[in-house]
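Presented below, as structure tokens, is a lone chain in the form predicted alone.
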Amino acid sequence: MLQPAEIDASETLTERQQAVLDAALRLLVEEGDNLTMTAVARRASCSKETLYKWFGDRDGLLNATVQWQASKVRVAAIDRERLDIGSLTASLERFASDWLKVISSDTSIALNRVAVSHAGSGKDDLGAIVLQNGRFALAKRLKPVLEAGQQAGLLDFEDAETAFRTFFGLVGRDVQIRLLLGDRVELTGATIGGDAARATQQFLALFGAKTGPLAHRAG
């Protein structure tokens, strides 16, 4: 059975709504903490009434903006009944590549910097919004793939959350914190592809089943 492993925001948002959220992301890059409904409406050439209708209040707009940015990290749909090491590897590499592209973008760096400054500040709790719709949402998206790999005899782990955290760490390493602190990390398409493949192979070396299809292939 083919199981979707991702939530595609483009399926629930109109092109116009997507354009508005892109405008909000650009404003976050430029103005950070000063994002307002008025500024977004002006940048997106729409009325504040439309923004309130679509997204509710400012927190609702921020939630939608973070969800839209996080939706760019995709996980390919998988066929649980026919899952093999090739399709599992491809799915993990795609996730890793997309995530590295997203976190290294100017919009994500700016968004995360503002979120960190808001964490525990009692403002609009953007930190919690980013955590819930970013890292936690990504875990929910990828864990079904890991569990499918376990059921197919390709992966061996006791806890999907621990396996996800390990993969997440192998992919991200120190890249995100360096970017947030202003280090100019060079992440070209080739570099990202190589890092994604390397992290996936390291993960499979740690969690690949010692018996079964993966072990047989390795032998």
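C-alpha atoms forming the largest set that superposes within 1.5 Å between two forms make up the rigid core. Note that residue numbering follows the sequence shown and begins at 1. Just so it is clear, the structure is predicted and the values come from calculations on it, not from any experiment.
Note that the form predicted in complex with the DNA isn't included here; everything after this is about it.
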*asked:* Using a 4.5 Å heavy atom cut-off, which of 39-47, 175-183, 162-170, 146-154 contacts the DNA in the predicted bound form?
replied: 39-47
*Quick one: is residue 16 in contact with the DNA in the predicted bound form, heavy atoms, 4.5 Å cut-off?*
yes
_Non-hydrogen atom contact residue 70 with the DNA in the predicted bound form at 4.5 angstroms_ = no
*asked:* Under a 4.5 Å heavy atom criterion, is residue 57 part of the interface with the DNA in the predicted bound form?
replied: yes
*Using heavy atoms and a 4.5 Å limit, would one call residue 192 a contact residue for the DNA in the predicted bound form?*
no
*asked:* Does residue 197 shift between the shown form and the other one by 2 angstroms or more at the C-alpha, the core having been superposed?
replied: no
_At a 2 Å cut-off on C-alpha positions, does residue 46 qualify as shifted between the shown form and the other one after fitting the rigid core?_
yes
*Rigid-core frame, C-alpha of residue 165, shift of 2 angstroms or more between the shown form and the other one*: no
